[in-house]
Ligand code: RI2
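Okay, here we've got a single chain as structure tokens, the form predicted on its own, with questions on binding and movement later.
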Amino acid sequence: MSGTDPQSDYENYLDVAIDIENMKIRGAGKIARMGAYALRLFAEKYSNVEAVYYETLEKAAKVLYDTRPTAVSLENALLSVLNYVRPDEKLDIMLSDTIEGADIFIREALEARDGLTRFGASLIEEGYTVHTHCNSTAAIECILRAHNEGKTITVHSTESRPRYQGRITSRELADSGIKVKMLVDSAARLYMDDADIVVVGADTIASDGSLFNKVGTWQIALAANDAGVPFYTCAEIFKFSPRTRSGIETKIELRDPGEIADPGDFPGVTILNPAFDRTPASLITGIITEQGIVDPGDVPAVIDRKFAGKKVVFFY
């Protein structure tokens, strides 16, 4: 496994699952790579009988999937490994295929991210103010690539409450020498007139071209549309959702209300803490991928090409 993922910190797949669930591992791309790596760990540590290997591999994949069900990147990573393993083979072959399948997904995912950032950086011109949201590695690397190409850039970064992932983005970009203005989420429209482009990440691209991303993304897209600012989302093709081609809806994960406030301080009040929201395709200018800028209307064709002949629905 290559790249900067902290694979050496983990002894088994369950440790990876815990850190995905508690958001120690963040970002759709990294979650996908670490999900694949977790199945690699499962194969490396496997010591049970041959007859139940594939069945228990599927169960391990289900445990990992349940940690972040909205992010199709994780599901696609797990299915990519499962598709690589033939359940009728001998144990040693299934083990080696699991490891190889995980390594292939991770390598291709990193290559895809590099290709994506080339296209993303090309959209950011000299003197631009870029609005971003949450802590998307893909969006950050598009901005950093444009900066490293010598372009002078200002970034508006919303805090992304309640976990404040946008603060991480603000620090990372500022540490790289980029001028950053950090905003509370509700100030997005107030400052959108100063922006030239919006670049955000993606947890899932549905077959209708809509975007599932960190909650607050939808209102940023509405603000951008109102201000006439182009809105782009960064999504490697493995973040496109083949399951939605089958009419299966994407779940919005509801997290612990305690992340927002102590429920005991608000008797009689229901505290809602959705982790994601859905931005309609009509508000999306384009989807930045490793294959170029994809129009939301072309998403079904991209999904059909990418996932032809593969098992794409498993965790239901």
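Just count from 1 along the sequence shown to find any residue number. All figures in this text were calculated on a predicted structure; none of them were measured in a lab.
Although it is not shown, the form predicted together with the named molecule is what the next lines describe.
Of the candidate stretches 243 to 251, 266 to 274, 22 to 30, 38 to 46, only 22 to 30 has residues with heavy atoms within 4.5 Å of the named molecule in the model of the complex. In the model of the complex, the named molecule sits within 4.5 Å of a heavy atom belonging to Q165. Remark: V81 does not count among the residues lining the named molecule in the model of the complex, judged by a heavy atom distance of 4.5 Å or less. The named molecule in the model of the complex is not approached by H131, whose heavy atoms all lie more than 4.5 angstroms from it.
Remark: T137 counts among the residues lining the named molecule in the model of the complex, judged by a heavy atom distance of 4.5 Å or less. The partner is absent here, but in the model of the complex a heavy atom of N213, alone among N76, T158, N213, T98, sits within 4.5 Å of the named molecule. Site annotation in the model of the complex: the residue of A102, I143, I220, A202 reaching within 4.5 Å of the named molecule with a heavy atom is A202.
Contacts with the named molecule in the model of the complex, taken as any heavy atom within 4.5 Å, map within 57 to 77 to R68 alone.
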